[in-house]
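Heads up, the chain below is alone and in the form predicted on its own; it's given as structure tokens.
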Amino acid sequence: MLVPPFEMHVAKSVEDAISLRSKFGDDASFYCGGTELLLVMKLGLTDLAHLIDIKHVDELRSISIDDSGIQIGAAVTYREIENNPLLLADRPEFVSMISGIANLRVRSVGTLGGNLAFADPSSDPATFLLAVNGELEIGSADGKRRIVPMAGFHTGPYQPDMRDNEMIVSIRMPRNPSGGVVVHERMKLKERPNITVAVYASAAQGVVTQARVAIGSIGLIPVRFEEVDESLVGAELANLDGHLKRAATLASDNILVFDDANGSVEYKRHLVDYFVQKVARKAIETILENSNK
């Protein structure tokens, strides 16, 4: 399959990129790694006459870490994240998750911003960022920026909360707080995961003080449920099994899933039950053991 003919435009800045997108309207799309976009074009699922190359916009290529948190430019590749010593030191679990995406060829060109903008229900980064309260900085044609929480950014499959003539500028997440643990795990039988679960937990004096459970790849969008998170607060090693079973039951009962080629509703709810318990146990046992030292 060949990509249909198109004209490439190289943007010099965020504002320039958005201006070009405004000029060409629905006939144009931003282009960086192209790992998803070019495939869609080859399949004839979109008819784009113009691509706007944002790979050379400096603002989209930076990684910074300071007291306010971590900021990753939308055009930073997975491979650049893997090789960044600051991220490896501060968020090794994030780097580990990124290292598990696709293969080296894809990670060398694919970008974090492109992944999130595509809003694939099977996005590993979206599930991880949901668990750590990540945010996205969105730029608009008028030069203004808005901050959108990862929770709610994906409004449906392949439907990001982005208005016309907007683009993701950067991805933000908190630095790894002292004592906080994140565990990210997925089950994959084919090209895309059947389920992805990321769990953040913190504790003090042997008791869980905060938990966030994000579930992706199995429904229409990555999700979190407040009641699931709350059910894990107060857990101790002595009563952990009860908290885990309660959290897993709430998650499997509340998640919206459908029968499809990946399995029945019953099977998918079983996966949710199993993996919420498994991943939450890893995160909570680790944090509780650390808090008792």
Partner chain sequence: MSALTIVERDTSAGRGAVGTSHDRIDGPIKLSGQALYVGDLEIPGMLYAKVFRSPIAHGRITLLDVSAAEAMEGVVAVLVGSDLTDIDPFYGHAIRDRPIVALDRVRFIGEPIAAVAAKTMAQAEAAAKQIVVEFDELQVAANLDAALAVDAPIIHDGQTAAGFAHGLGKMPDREGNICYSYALNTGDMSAASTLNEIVIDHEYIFPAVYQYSMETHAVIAEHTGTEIRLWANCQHPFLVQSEIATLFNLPISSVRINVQFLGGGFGSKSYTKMEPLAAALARKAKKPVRVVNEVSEAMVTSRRHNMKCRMVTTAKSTGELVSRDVKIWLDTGAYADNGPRVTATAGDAAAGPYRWQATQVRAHCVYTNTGPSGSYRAFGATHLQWVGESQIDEVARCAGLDPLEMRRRNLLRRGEVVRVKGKPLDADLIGDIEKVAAALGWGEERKPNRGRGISVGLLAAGAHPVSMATVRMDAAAGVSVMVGSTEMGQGTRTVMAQIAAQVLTVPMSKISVPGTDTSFTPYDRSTGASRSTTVAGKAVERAALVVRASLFETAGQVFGISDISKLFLENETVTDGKQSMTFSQIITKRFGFAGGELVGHGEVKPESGSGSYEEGPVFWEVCIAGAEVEVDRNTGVVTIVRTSSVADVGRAINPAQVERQDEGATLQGIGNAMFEEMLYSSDGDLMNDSLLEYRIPTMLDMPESMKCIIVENEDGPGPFGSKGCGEGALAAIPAAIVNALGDIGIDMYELPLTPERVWKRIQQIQQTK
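Bear in mind that the values here come from a model prediction, so they are computed numbers and not experimental data. Positions refer to the first chain, counted from 1.
The form predicted together with the partner chain is left out here; the points below concern that form.
Engineer: Please name which of the stretches 55-63, 256-264, 229-237, 22-30 has residues with heavy atoms lying within 4.5 Å of the partner chain in the model of the complex.
Structural biologist: Result of the contact check: 256-264.
Engineer: Please determine whether residue 14 contacts the partner chain in the model of the complex, using a 4.5 Å cut-off between heavy atoms.
Structural biologist: Flag for residue 14 set to no.
Engineer: Determine whether any heavy atom of residue 86 comes within 4.5 Å of a heavy atom of the partner chain in the model of the complex, and answer yes or no.
Structural biologist: Because no heavy atom of residue 86 falls inside 4.5 Å of the partner chain in the model of the complex, the answer is no.
Engineer: Is there a heavy atom of residue 39 lying 4.5 Å or less from a heavy atom of the partner chain in the model of the complex?
Structural biologist: Flag for residue 39 set to yes.
Engineer: Is residue 191 part of the interface with the partner chain in the model of the complex - any heavy atom within 4.5 Å?
Structural biologist: Residue 191: yes, in contact with the partner chain in the model of the complex.
Engineer: Going by heavy atom distances of 4.5 angstroms or less, which of 147, 187, 106, 204 would be at the interface with the partner chain in the model of the complex?
Structural biologist: Exactly one residue meets the criterion: 187.
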